[in-house]
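Before any questions on how it binds or moves, here is one chain, the form predicted on its own, in structure tokens.
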Amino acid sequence: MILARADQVTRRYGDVLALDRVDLTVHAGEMVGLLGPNGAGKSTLMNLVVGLRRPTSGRIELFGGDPRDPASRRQLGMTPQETGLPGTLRVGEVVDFVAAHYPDPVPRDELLDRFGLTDQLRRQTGGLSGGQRRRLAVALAFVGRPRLVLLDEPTTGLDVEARRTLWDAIRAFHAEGGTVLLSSHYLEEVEELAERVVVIGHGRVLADDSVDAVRSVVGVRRVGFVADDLPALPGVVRSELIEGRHHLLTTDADQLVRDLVAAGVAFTDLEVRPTSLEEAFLAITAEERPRDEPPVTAASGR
């Protein structure tokens, strides 16, 4: 079952083209990670899906209807990138206020426990740390037992422990059959949570596939070794020197090793391994593809 769909969606802000003929489908039970650099169009796409903006052209559907229709949003939860909570209300009061809008909300104590906020029940939101306010904002997206949750940069500003708490809560929701569309700059987060990754750049969908498939279709490998100074080598996408060890990204690892030997480079401790999702992401978004070129998928062989 399709819960959300963008069909050839374009969105302009004056002369700025934020989204360019974007297609996206989110099925029930999926955990989809939305990746892209700043200004790629991720937040714009989410705002269109929830009906906060309307497309310049194309069509958006939410639960089969118009997202601007309140009836289409009854089973939706969202945490936007920027949230404002009334500073004088206590945490428990905020949860109770939001819960009053739903016929069968998650009990307050259960929700706060799930998101590690039980000890903050009686604190005013204005006295919370930035990370605690962010956790509360994410928790509120789950109050109404939604079928679909959209999370825009949910763990921004959180420490490692708080991020793990949120990840566990999101995983629990998904395990119970919930659907999640997650936008994040933390590529580790998408690798931890998502089953499918959609990469957006230049206002377009550059890749849409499983996490493993996005890594593999890019064709980039990481070649690591210890050596002295290196000459310029062909086919190197990116290079780093970390604690005396060279790390080169290349589309042809075998040829790179042959080039090292041919150049007379004395290297040791050679290691060749697949890219991380971060490296795949950087490779996909490094250069703008032609406008009519389709997104990268495993089936495309690209």
Partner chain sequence: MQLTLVHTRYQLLEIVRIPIALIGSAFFPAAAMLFFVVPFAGKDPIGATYATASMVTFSVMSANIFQYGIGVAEDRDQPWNPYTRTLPAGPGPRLAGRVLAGLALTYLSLIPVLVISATLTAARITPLAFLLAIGTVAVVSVPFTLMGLAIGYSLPSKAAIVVAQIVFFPLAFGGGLLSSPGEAPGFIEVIAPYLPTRGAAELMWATVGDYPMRPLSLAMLGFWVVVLGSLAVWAYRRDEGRRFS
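Positions refer to the first chain, counted from 1. Predicted model, so just to flag it, every value in this text is computed and none were measured.
The same protein also has a form predicted in complex with the partner chain, omitted here; what follows describes it.
Student: In the predicted complex, does residue 246 have a heavy atom within 4.5 Å of the partner chain?
Tutor: Although the partner chain is absent here, residue 246 would stay clear of it in the predicted complex, with no heavy atoms inside 4.5 Å.
Student: Residue 40: heavy atom within 4.5 Å of the partner chain in the predicted complex?
Tutor: Result no; residue 40 lies far from the partner chain in the predicted complex.
Student: Considering non-hydrogen atoms and a 4.5 Å limit, does the partner chain approach residue 52 in the predicted complex?
Tutor: Yes, residue 52 is a contact residue.
Student: I'd like to know whether residue 83 contacts the partner chain in the predicted complex, with contact meaning heavy atoms within 4.5 angstroms.
Tutor: Yes, residue 83 sits close enough to the partner chain in the predicted complex that at least one of its heavy atoms falls within 4.5 Å.
Student: Among 204-212, 161-169, 101-109, 127-135, which stretch has residues with heavy atoms no more than 4.5 Å from the partner chain in the predicted complex?
Tutor: That would be stretch 101-109.
Student: So in the predicted complex, are 24, 57 and 147 all sitting within 4.5 Å of the partner chain, heavy atoms only?
Tutor: No, none of the three is in contact.
Student: Name the residue from 90, 174, 196, 114 that puts a heavy atom within 4.5 Å of the partner chain in the predicted complex.
Tutor: Only one listed residue qualifies here, and that residue is 90.
Student: Could you pull out the residues of 50-79 that have any heavy atom within 4.5 Å of the partner chain in the predicted complex?
Tutor: 50, 52, 53, 54, 68, 70, 73, 74, 76, 78, 79, in sequence order.
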